[in-house]
Each structure stands twice: as structure tokens, then as C-alpha cells.
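As a starting point, one isolated chain is supplied in C-alpha cells, in the form predicted on its own.
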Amino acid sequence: MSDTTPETGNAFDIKDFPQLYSVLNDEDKEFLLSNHVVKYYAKNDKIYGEGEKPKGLLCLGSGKVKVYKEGIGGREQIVRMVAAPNFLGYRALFAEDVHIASAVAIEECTIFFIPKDVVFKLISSNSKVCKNILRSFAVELGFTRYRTVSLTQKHIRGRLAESLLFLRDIYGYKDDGITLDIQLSREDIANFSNMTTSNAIRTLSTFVNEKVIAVDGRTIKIVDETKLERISKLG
């Protein structure tokens, strides 16, 4: 992790983080610009760890992040996949608690760190900031509740199909309109779908044989979106 702009890649500015900067008045914008730190993370860098106490608000400006909890035997359960722009680790900050999960960059990331006292000053002076944070809380809570039910009640095919559709909704497609704009290992796909890696590999192969998806290494193309949605729905 670095606090300086990397030699490669694009530089991102907190002005590009709409949930926060766009709703501030001029005075608060100046205050924010003078009181934040830009941090850069390489692929596989840990952003925060389970059990750590947050010192401020993390705003993902660019890149992709996985949030996971370590379970029995060290097995990961991915609880959230995050795309920019979005808030990170803010439950622990506002609950005045430690992080109950860890976050890792799955590609190069830019994060804007805003100290706790700065965050609370902005919230106190601007209700729109508070509203945007509450909206993010509500969206994440709804997603978590839905996933808790589906991951316990759906069969393996339904869980994997749903996970691929969630990755589509979170990260979208590349320019060809069928290739998911995210590359994950088979283990990560399994951990996001609450199944073993071997089951994920077998089910992906089944989907390929059924011409629902096409796979090339970590690249996944959704060939038949309608059929994949049907598999997810049937569970």
C-alpha cells in the first residue's frame, strides 16, 4: 500500500467520488480536500483486517475489492464484492466497533481515507452526506439479508448462477456485452457462492456444456443470460 500516486495507472481524485463530494457546499468541499489521504493498493493488498478498529471512512475511488470473513479451518466466505465508487468498512466506524471481516484488493485500487472527526463534522453539517451513507447502509443490508436466505436454501446450481448474475450487476460487462468485467479464481467464486472449490469447478463445467457460459481461464462470458437467470430463480 502506498500514499503516493503509482507510476502506472490513472490518478483519481476525491472529486470523482459522487456520494460524498457532489453533495457538499463549497466550504465543506475545501475542508474535505484539506483533510483526506489518497491511498493506493496493489492487487492482493489487504485494506483492513478482521479485528482491527477503523480510524476513519474508506471511499473506494477505483478498482475492485472483496470483503470476506475467515471461517473454520481458515476457509474464506466472501460476504461482499465492491465496485467503485463505494464506501468500505463503514459499519465498524459508525458502530464504534472492530471490523468483523477483512477487505482485500482484487485489482489495483485507489482509496480516499477520511479521518473519523472529519467524517462526523461533514455529517453534522450536511444532511445529504448522512442520507447517502444511510442509503449505502440500506442497500448493503438488503443484499446481505437476501444472500443469507438464498445461500442456505438454493441448491449448488442456483447459488452459482445467482453469484454470476450478482457479479454482472456489480461489475457489468466488458465492451463485447457478454464478458464479465471481473476475473476471479475458482476458489473466490466458490467462496462467494458458499460451496467447495471442487463443486464450483464442476458446476461451471456443467454450465459450459449447457452453453450457458463460456470460460477461458478466469474470464467468464455469460452466453445465455435468460437461461442463467432461470437457473438462479429455480434454485
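This one's a predicted model, so the numbers in the text were calculated from it and none came from an experiment. Numbers for residues come from their place in the sequence shown, where the first is 1.
Just so it is clear, the following notes concern the form predicted together with another copy of the chain, a form of the same protein that is not shown.
Peer 1: Within 4.5 Å of another copy of the chain in the model of the complex, heavy atoms considered, which of 84, 165, 106, 151?
Peer 2: For this set of options, the contacting one is 151.
Peer 1: Only one of 199, 206, 194, 183 comes within 4.5 Å of another copy of the chain in the model of the complex by heavy atoms, so just point that one out.
Peer 2: Here the answer is residue option 194.
Peer 1: Quick check on residue 29: any heavy atom within 4.5 Å of another copy of the chain in the model of the complex?
Peer 2: Residue-level check for residue 29: no, no contact with another copy of the chain.
Peer 1: Can you tell me if residue 39 lies within 4.5 angstroms of another copy of the chain in the model of the complex, counting non-hydrogen atoms only?
Peer 2: Residue 39: no contact with another copy of the chain in the model of the complex.
Peer 1: Can residue 75 be called a contact residue for another copy of the chain in the model of the complex at 4.5 Å between heavy atoms?
Peer 2: Taking the distances in the model of the complex, the answer for residue 75 is yes, it comes within 4.5 Å of another copy of the chain.
Peer 1: With a cut-off of 4.5 Å between heavy atoms, is residue 113 one of the residues that contacts another copy of the chain in the model of the complex?
Peer 2: It does not: once another copy of the chain is placed as it appears in the model of the complex, residue 113 has no heavy atom within 4.5 Å of it.
Peer 1: Is every one of 15, 25 and 65 in contact with another copy of the chain in the model of the complex, taking contact as a heavy atom within 4.5 Å?
Peer 2: No, none of the three is in contact.
Peer 1: Going by another copy of the chain in the model of the complex, which residues of 112-144 come within 4.5 Å of it through any heavy atom?
Peer 2: Going through 112-144 in order - heavy atoms within 4.5 Å of another copy of the chain in the model of the complex - the hits are 120, 123, 124, 127, 130, 131, 133, 134, 135, 137, 138, 139, 140, 141, 142, 144.
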